[in-house]
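First, one chain by itself in structure tokens, the form predicted on its own.
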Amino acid sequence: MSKVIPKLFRINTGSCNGCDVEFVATAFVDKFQLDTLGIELVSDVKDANLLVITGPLSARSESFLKNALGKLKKPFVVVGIGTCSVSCGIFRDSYAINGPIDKFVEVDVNIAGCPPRPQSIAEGIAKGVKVLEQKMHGEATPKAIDTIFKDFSAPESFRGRMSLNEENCTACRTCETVCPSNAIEISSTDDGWFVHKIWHNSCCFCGNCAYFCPTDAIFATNSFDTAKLQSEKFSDVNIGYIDYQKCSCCGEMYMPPSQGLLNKSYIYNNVSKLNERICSKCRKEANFKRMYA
């Protein structure tokens, strides 16, 4: 069995260069251990079998990408770096964008993030090398680079994957409205639930959702694990369920104020009575009768 030598070539298809800067840091800083993968950086795409792509694929770069794909050695592996390459991110609806890249080429590994951390890029490229070995020999050899995450944790201030505290959420849709990359979706079900989804393949880590959330329900974690196989592209989703309640007076279903909202609105008083199970309409009627009856 011949040894697989991954020969890496990078293409920018309209990136802001943020992902390219992180890629260069990953490739040339020893602690990220790319050298353990036996990778060669090549200057001509005709010598490459591991293609790294950044950017959302602008209209002007489409022909350049197609031309490059035709010159790659076969079999080859494609790794997309950055949320733009995975889903076009904040540029999704732009007239100047023809991406994402998997519309034109079979992508093997996606590394979301804006930009992703070097550790995620290293992990994603390692996954790409494994896929290349599987394509060439039907099996892959475990890599030493897999140990990177065992000895590293991001600082607490790092803004990583977003998450949701369901108890604090009122499904007000503020996060969905302010998200610039359409990574958040809130829908309702017939059996009385709101479903809150965060699509990690589209999130650009801007933190707008957390900044504007009135109840602190949505927040950033320091998780940077964003390197996923293409088969996981649409399954890497954070899903939360927020339920309606039945009004104890009229019996209608309604969205009660969350504990997070009550804590922010009434910080000095005992608000337990405000959390009684009555809808806003019945509460208004009760207050009117109390004041004027």
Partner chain sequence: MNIEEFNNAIKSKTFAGYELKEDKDSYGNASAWIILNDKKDIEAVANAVKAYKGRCIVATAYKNHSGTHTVIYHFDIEGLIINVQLETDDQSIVSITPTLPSANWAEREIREMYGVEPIGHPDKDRLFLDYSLAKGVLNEYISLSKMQLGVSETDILWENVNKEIKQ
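Positions refer to the first chain, counted from 1. Worth saying up front: this structure is predicted, and the values here are computed from it rather than measured.
Just so it is clear, the following notes concern the form predicted together with the partner chain, a form of the same protein that is not shown.
Visitor: Between S153, Q134, S163, T177, only one gets a heavy atom within 4.5 angstroms of the partner chain in the predicted bound form; which residue is that?
Guide: By the 4.5 Å criterion, the partner-contacting residue is T177.
Visitor: Have a look at E167, E185, D216, E106 for me and say which one sits with a heavy atom within 4.5 Å of the partner chain in the predicted bound form.
Guide: Looking at E167, E185, D216, E106 one by one, just E185 meets the 4.5 Å heavy-atom criterion.
Visitor: 27 to 35, 239 to 247, 64 to 72, 47 to 55: which one contacts the partner chain in the predicted bound form at 4.5 Å, heavy atom to heavy atom?
Guide: Result for this chain: 239 to 247.
Visitor: At the 4.5 Å heavy atom threshold, is R173 in contact with the partner chain in the predicted bound form?
Guide: It does not: once the partner chain is placed as it appears in the predicted bound form, R173 has no heavy atom within 4.5 Å of it.
Visitor: Any of the heavy atoms of S235 lying within 4.5 Å of the partner chain in the predicted bound form?
Guide: Although the partner chain is absent here, S235 would touch it in the predicted bound form, with heavy atoms inside 4.5 Å.
Visitor: Taking the partner chain as it sits in the predicted bound form, is R159 in contact with it (heavy atom to heavy atom, 4.5 Å or less)?
Guide: Although the partner chain is absent here, R159 would stay clear of it in the predicted bound form, with no heavy atoms inside 4.5 Å.
Visitor: Taking heavy atoms and a 4.5 Å cut-off, does F76 contact the partner chain in the predicted bound form?
Guide: Taking the distances in the predicted bound form, the answer for F76 is no, it never comes within 4.5 Å of the partner chain.
Visitor: Since the partner is left out here, which residues of 17 to 45 would have a heavy atom within 4.5 Å of the partner chain in the predicted bound form?
Guide: None of them.
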